[in-house]
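One protein chain, two forms: both are listed below as structure tokens, the first as structure 1 and the second as structure 2.
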Structure 1
């Protein structure tokens, strides 16, 4: 990792504790993925009085098995990587509210108020929103049970592990077609299943997939069940025109039917784009002064771990500069 060691006030090295609702923090970080954890490290380096509010640590990193594009490692277990992020953050003794969902963020004067699902209210002079995105789910039997056991949501992360295997891709848009091309590169036997009648991907992408000559494309079909006990073994597919069902044997399923930004707590506060992502500038500043955002919840392109971590660091440094310029630090 690229965080150098440095001297730190020993008070910051105490065991992490709960944030104090009676304190107005310099910074509250909302979220627990790579962007949030990177922001926490950089904010701690600046001796900011900060706290973290998150449902859990790791974010989407924990939904995959191996990561092969983290600098310095040819391959690293995703859980180990997320655990190392969490251990690094916890070494600073930063107060953490774990297991609570953020329900609302408001700005009152120069102070932000953050509500959680247990009605606790926290206060801060700045906010970094790094709540990420959630996968649009198939919502079928077997999906939740087989995540990480053959069911995946990230071809960039997991395609290499399906070399030469049978794989089903659910979706009909650009992300689904890109996933198919990633899988074709590792010689997977791919079946593409589209719920809506007619493919939605851009023409050039559709042409590239068709030119492979190896991809089976099933239009106007619905995956109604994912089968398997310890790993994916097959899917049940319904023809939406004839209503007939058939079973397909497969070693894996990639769900590529879209992502939804976790913007619920700020959707009435900050400007969003048409996809519901939080609009940020090059300093991670949102449309609300003092409120920064980083990672997949934002308009920054290319949703990758390394990019999220970099954006988190940038957001923390921007929040620090904001407080210094306002003589609040």
Structure 2
């Protein structure tokens, strides 16, 4: 019997054991994106006793549709790529804590302790922090109240809800332009608004947006308010040249103005740069011995899947060397 578009996802059914709070692990990996998953594969192959603490697997890869710069694939579906990462990690039988948020990491003597929001405490001799980044907010009135009510941060997830509707996209970089293209695909009427003069996105992307011929592009303007009671009805936009404010009717707002590092659990422990990124050296070592970091949460430039994966591998090998040198492995 053939049914149309019938797919069954079984990615969560590979049973992983829960990490044991009584054990002091060789390594705890915090996070579930490409850096974390690559670190897990490398550490497992070094026979380290490790566990992973994450809310979910895939990280930001799950927020995009196609990946065109993962070596060996001219183009690969992002979900397929994330699934294949996940399957690789799970093949090692590593214990995983899913669905808990990490609240704090502390070092007590030579042992790290990791607290989750349900008051579970895990212990380990080394840590790889690979918690990634989250979307930066506009920080304007109306934003918090209207999330999921017309205000969105992930076009791949939410664009279908705006079929044929009026949508404002805030931002001017690659992610903003990609969002515009996702929305044009569902025939949304898009207005792109950028804070600075001009546009930061790569040339080819800008060209593709221009070629649609339907997107209105407003630069050097600031969104100062999002209006709406139960759902978004409009935005107030300030022209930064004339200082004049005008109201724009819209059904939706997609915010794509950059990302912030998820550093909350270590902000009192390690050194951060002025953007809040965890400072690492070329071995992924942070300012704290035994605590490594990899991927978008770190100061390493160019936030890319392949770079995160490479950094994750490096962090795992560094943690391994650290334990060997201390004769703990």
Partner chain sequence: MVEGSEFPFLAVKYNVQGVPHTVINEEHSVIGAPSEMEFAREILKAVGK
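Residue numbers count along the first chain shown, from 1. As the structure is a prediction and not an experimental result, all values here were calculated from the model. Here, rigid core means the biggest group of C-alpha atoms that superpose within 1.5 Å across both forms.
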Practice problem: Choose the one of the two that is the form predicted alone. | Solution: 1
Exercise. Where the C-alphas switch from fitting one rigid part better to fitting the other, that's the hinge; pick which of 49, 258, 181, 236 sits there, comparing between structure 1 and structure 2.
Key: 258
Quiz prompt | Hinge rotation between structure 1 and structure 2 - smaller rigid part turning relative to the larger, in degrees | solution = 53
Exercise. After aligning on the rigid core, report the distance the C-alpha of residue 171 travels between structure 1 and structure 2, in angstrom.
Key: 2.5
Self-check item: Distance moved by the residue 217 C-alpha between structure 1 and structure 2 (core-aligned, Å)
Solution: 4.6
